[in-house]
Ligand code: BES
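Shown next as structure tokens: one chain only, the form predicted alone.
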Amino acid sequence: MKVEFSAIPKAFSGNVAALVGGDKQLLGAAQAIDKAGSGALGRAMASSRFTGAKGQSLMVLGQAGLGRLMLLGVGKGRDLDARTAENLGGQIVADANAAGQTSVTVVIDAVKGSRLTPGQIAAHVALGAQLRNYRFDKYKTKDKPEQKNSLTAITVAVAGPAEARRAYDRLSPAIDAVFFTRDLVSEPANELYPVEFARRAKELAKLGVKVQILGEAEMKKLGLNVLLAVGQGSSRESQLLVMTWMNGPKNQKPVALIGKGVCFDTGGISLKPAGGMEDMKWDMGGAGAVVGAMKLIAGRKAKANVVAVCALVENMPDGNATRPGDVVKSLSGQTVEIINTDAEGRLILCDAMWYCQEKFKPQAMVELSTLTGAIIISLGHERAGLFSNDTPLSNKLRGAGALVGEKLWRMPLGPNYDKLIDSEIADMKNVSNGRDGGSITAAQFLQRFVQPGVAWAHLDIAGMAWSSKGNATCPKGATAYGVRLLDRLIADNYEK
């Protein structure tokens, strides 16, 4: 979709979206349109429940010279922050596509009380519009016209369009990064398997990211036995994807990002029920988010040192698959009794985390994974679960998530939970004996592979990587949750 920025015109035509403050306060463009229409907008608001509150919208037809006029409530000025502006952009696009519009002009007036300038508001509106206009339809051959996105152009009219364009150019690398991740997560498993995932990640080399891929022979030689145990039932080779972006001070220890990349999860010998198993193509959502974050960090030339390691496997059942009860030695030297082969994410992550710490000596390590269904029972699809051994890192993540609309909720850890994964014949088992605290015991397992002095956080994004409903800036499907969160974490806390 083409985005343009222009000065506010003296007269309006075509399809227009205009802002309204709380208590039905018409702002500049809406005031002018209302005056030209002899108070038609006031009468329309009086006959509806629209008050201009944040998130409200009202469609008004029949204004002279206009196609469809969309009034957008921004509430009180202090309500209009960056995230709200992005939601406005998404709201406009969703409405325009539903109505079959091909173009729309959004008029951004100054909003008293907002901390954003009109140019900044305009830039975030344009960003939200682009994010909402995503569609994964590469395999559709008989798409009906009404199912396609009709909107091809959006003009954002604002006083000072040059400022808006500069602000938008700073934000726009997020679009390609988010779309890259959404594409990865949306792909079916017959098209996106570990080797293919790694191949696509090589595209980041064009941005200056150093990309290294370890195959099974290399991992076996190094001793990543637990990771390999998960993928040994698949005919597809497992991979370890290693990416580095070292654009910060030479003496700065890197921040490490770790991603779970189970390109398809049958559960292995502990086979999942058939119903809904097709959704397990997105069990690589954590790795997808990490790759997208690296694309964004490199795309905006971040002045930071960041490394990323993604464990890529398929979890399949065959005669060579890992059996429940098998004991495997991890890269760390600790042994794991694999009680349930469907608790595979923590198995591939433990070796990936240890490899990363040994090789890069990071100051902090943040891991993302669609790890447990238990976290969805706890938090639904509103927040990802956050587990951490470091309160400052936890607070940084929560702050970054709040700013980009990717919310987190910190969950507990503790010795009594940790005892639940003690094994009688090995150092640990990969699940406890019961279902209690399933997301917590999974985090406790991972914590056993965090080296002393490393600030660590585990984000369980099982309820956030895919949306059956969508939201203001994301249609239903892959969300790319974590891409902007990780980038904001780096930008606000680790750039020099």
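Quantities reported herein were computed from a predicted structural model and do not represent experimental measurements. Numbering starts at 1 and follows the sequence shown.
As for the form predicted together with the named molecule, it is not shown, yet the points below apply to it.
The named molecule in the predicted bound form is approached by residue 431, whose closest heavy atom lies within 4.5 angstroms of it.
Although the partner is absent here, residue 187 lies well away from the named molecule in the predicted bound form, with no heavy atom inside 4.5 Å. At least one heavy atom of residue 370 is located within 4.5 Å of the named molecule in the predicted bound form. Residue 340 belongs to the set of residues with a heavy atom inside 4.5 Å of the named molecule in the predicted bound form. When you look in the predicted bound form, the only residue of 376, 82, 171, 207 with a non-hydrogen atom within 4.5 Å of the named molecule is 376.
With the partner removed from view, the residue among 314, 406, 283, 109 that has a non-hydrogen atom within 4.5 Å of the named molecule in the predicted bound form turns out to be 283.
Between 197 to 205, 179 to 187, 340 to 348, 299 to 307, the stretch whose residues reach within 4.5 angstroms of the named molecule in the predicted bound form through a non-hydrogen atom is 340 to 348.
Residues from 251 to 267 that approach the named molecule in the predicted bound form with a non-hydrogen atom closer than or equal to 4.5 Å are 260, 265, in the order they occur in the chain.
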